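Heads up, the chain below is alone and in the form predicted alone; it's given as structure tokens.
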Amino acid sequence: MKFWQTLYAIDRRVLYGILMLLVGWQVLKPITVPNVTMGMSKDLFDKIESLNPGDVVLIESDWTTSTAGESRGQFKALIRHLMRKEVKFVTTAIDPLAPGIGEIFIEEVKREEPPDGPRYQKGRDYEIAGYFPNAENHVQAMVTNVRKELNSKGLANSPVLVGISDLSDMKAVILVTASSSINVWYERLRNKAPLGLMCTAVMAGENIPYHASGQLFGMTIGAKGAFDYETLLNEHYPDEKYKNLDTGSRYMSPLFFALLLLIVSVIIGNIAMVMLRKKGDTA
């Protein structure tokens, strides 16, 4: 009886201590296993892989530091892929902090790429259009007159927009987001361009049906999605001059053990509660 009472009333500080030990161990000595990529992650990767040099995509980057653990890895993997394919891109955002954060990591990726690769320049190969304060108006304006909307940010004569007179001239619209901004695109896109999504894990359930129905050409989910994309980059660009594996792969092992501890703790706690109730020692 005392054994079950001890398990039922275990001090949360003990659990935090175990969590710190497990995560620290996996950060320093991670256990690596082969990754089985999800089909929806591969669909998104394959779409980008099919693009040609000079094609243009739109990235709405709405994530900030609050979801960097999931979104940063996805965003950086996407930018690496676009640069290697020599695809031009324009980023927009409906969060005022997002443009600056996105630019930081675009610059990081530019420094990672090998000297003999394409040297991406802002204004020539990509543009950061910045913050648009109203999601509904922004998406509607992009669908109705993409040049006019981007010209409001001074991009009228940008080389990136050469040949772009309508959103349908862009090869894809990809959202990297931790918010419901994707819903506005579902409502207003009108099939002008293929739509892809990189989202946080908590958003997966509500968006997977859109991939199943074909409204999303591909989708990556949370840190696992980042790991999937990095794995696919590593398979397609195995040359050591490329940096493919980053936060997505580094986070998997610590995350696994943290979630394992959570699951085991819940199971043990419930078993202890059932045993004590049988003995009449708990309500």
Partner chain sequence: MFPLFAQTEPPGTNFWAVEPRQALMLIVGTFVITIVLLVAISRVPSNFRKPITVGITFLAGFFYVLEWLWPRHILANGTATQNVLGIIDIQEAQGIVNDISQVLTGFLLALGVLSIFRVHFGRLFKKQKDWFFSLVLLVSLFSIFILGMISFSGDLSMESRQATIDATLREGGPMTADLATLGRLGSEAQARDLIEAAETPIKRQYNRREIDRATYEAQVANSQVIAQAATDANEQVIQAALDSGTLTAEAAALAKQGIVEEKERTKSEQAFQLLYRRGLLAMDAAMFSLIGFFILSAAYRAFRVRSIEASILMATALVVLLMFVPIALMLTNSLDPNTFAGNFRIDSIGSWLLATINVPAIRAIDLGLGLGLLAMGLRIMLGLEKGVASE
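Note that this is a predicted model, so its numbers are computed, not measured. Positions refer to the first chain, counted from 1.
In what follows, reference is made to the form predicted in complex with its partner chain, a form of this protein that is not presented.
Engineer: Residue-level contact is defined here as any heavy atom of the residue lying within 4.5 Å of its partner chain in the predicted bound form; does S179 satisfy this criterion?
Structural biologist: No, S179 is distant from the partner.
Engineer: So in the predicted bound form, does any heavy atom of N234 sit within 4.5 Å of its partner chain?
Structural biologist: N234 lies outside the contact set for its partner chain.
Engineer: Would you please decide whether V160 lies within 4.5 angstroms of its partner chain in the predicted bound form, comparing each non-hydrogen atom pair?
Structural biologist: No - in the predicted bound form, heavy atoms of V160 and its partner chain never come within 4.5 Å of each other.
Engineer: Look up in the predicted bound form whether P133 has a non-hydrogen atom within 4.5 angstroms of its partner chain, and give yes or no.
Structural biologist: Yes.
Engineer: At a 4.5 angstroms cut-off on non-hydrogen atoms, which residues of 148-176 are near its partner chain in the predicted bound form? List them in order.
Structural biologist: Heavy-atom contacts to its partner chain in the predicted bound form: K148, E149.
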